[in-house]
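First, one chain by itself in structure tokens, the form predicted alone.
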């Protein structure tokens, strides 16, 4: 006898449709917006705003302090990875926060009893052109520079510093601002001003180079004190790490897990968020049900289950969600609670990035796009005459061995006990991150112009998608030609 009831297993085959970047295009609309005038300012957590909606991924071949500094200076953010011990990551956070500090706290100083030669060698080794001269108590006695001692015309290289230094020192108090410090430098024709306390003891140094550098990066991501923003990835159960980097003035903590829609992860993340002052972004997720759990306590949500170029999660586990659909589902919920959404992974071109924004994201996170830059920590290798940089997924064997296994809720001591969800690879060497970010954001602004939106919120409201067939995907790329001069923002192999 055949039952009239529908087979519950065959019902599973009536599946909803899910789309990714190549499946859709933005529908062009009437516009008065010139791309250069498009404003890309956005939020990446409830209290942190950026002028550029781009983050570099928390991967050990992508983001350490050098890239994080470069990203923040240009209006984006870099998220420091988890494969460092607590002391190392705190040092990295402090390096970012100090990078553009108006007052340098770790000052190279000279003693009045040192020889001119010793100080000359010390300044050359430390890469500075001058140093305050202080006594044993830290009181400022003078200042010495390369012009005072080279080429030893006035003093011999064995003479003491006290004989060569300038003893009429222009100093400033702790509360000096950049304008006042610069005016002092111009008035007295000097390039550095020691900062002193009420007892004339050295507490820091302001340099003209530092002030001009801050002016150059006028759209940088800075905190209320003018320091560069710092972000750090921590595990959902890493309370010690989270507290340590929070005390180091991290602006945003990324509670980083490959599958954050896990009851244990959510409970632990909620407790961790309650115990820190920094904003807390939780990820990764890919469904509206997961978002509903996180909006109760998270300051931001990160989206992406297996879209990365070096991620094999979907193949190994059979699980995942195409990224455009994942972003849209999470944004459906997050937008009702005014919680920012970050699209993490799968972005190859600037067009993909702006599509993610159209689907509801407030910012995008990229790994391979930045892994090939000078500032990324991966080493450069040469293959077939071309240069590449090392790049690996945090679910790769190497990354898991280095401590990243708990991101995938796994721990293993031996190679054969690891179940990887990523691979190790190489990505083309690209040069400076400044150029890559310029091309990426420029393409995103052009996309805003085609939709006729001058701001990110307006773009999200106006943007509409159209479906693209396989023939349409082929048509969208360069075709029927041999490319003789590659563009800086396009490669058919991406």
Ligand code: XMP
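Fair warning: this is a prediction, and the values are worked out from it, not measured in the lab. Positions refer to the first chain, counted from 1.
Although not depicted, the form predicted together with the named molecule is the subject of the following passage.
Next item on the list: Spell it out for me: taking the named molecule in the model of the complex, does every residue among 308, 346 and 368 have a heavy atom no farther than 4.5 Å from it?
Entry: Yes: 308, 346 and 368 each sit within 4.5 Å of the named molecule in the model of the complex.
Next item on the list: Classify residue 313 as contacting or not contacting the named molecule in the model of the complex by the rule of any non-hydrogen atom within 4.5 angstroms, answering yes or no.
Entry: Yes, residue 313 sits close enough to the named molecule in the model of the complex that at least one of its heavy atoms falls within 4.5 Å.
Notebook entry, point to check: So in the model of the complex, does any heavy atom of residue 354 sit within 4.5 Å of the named molecule?
Noted result: Contact check for residue 354: no, nothing within 4.5 Å of the named molecule in the model of the complex.
Notebook entry, point to check: If you check in the model of the complex, is residue 52 within 4.5 Å of the named molecule, heavy atoms only?
Noted result: No.
Notebook entry, point to check: Given that the partner is absent here, does residue 57 sit within 4.5 Å of the named molecule in the model of the complex, heavy atoms only?
Noted result: Answer yes; at least one heavy atom of residue 57 falls within 4.5 Å of the named molecule in the model of the complex.
Note to self: Please tell me which of 360, 132, 395, 286 lies within 4.5 Å of the named molecule in the model of the complex, judged by heavy atoms.
What the structure shows: Selected residue: 395.
Check: Between the options 375, 92, 251, 421, which residue brings a heavy atom to within 4.5 Å of the named molecule in the model of the complex?
Finding: Of 375, 92, 251, 421, the residue with a heavy atom within 4.5 Å of the named molecule in the model of the complex is 421.
Note to self: Among the candidate stretches 170 to 178, 193 to 201, 102 to 110, 338 to 346, which one is within 4.5 Å of the named molecule in the model of the complex when only heavy atoms are counted?
What the structure shows: Correct option: 338 to 346.
Notebook entry, point to check: Going through 161 to 175 from first to last, which residues have a non-hydrogen atom within 4.5 Å of the named molecule in the model of the complex?
Noted result: Contacting residues: none.
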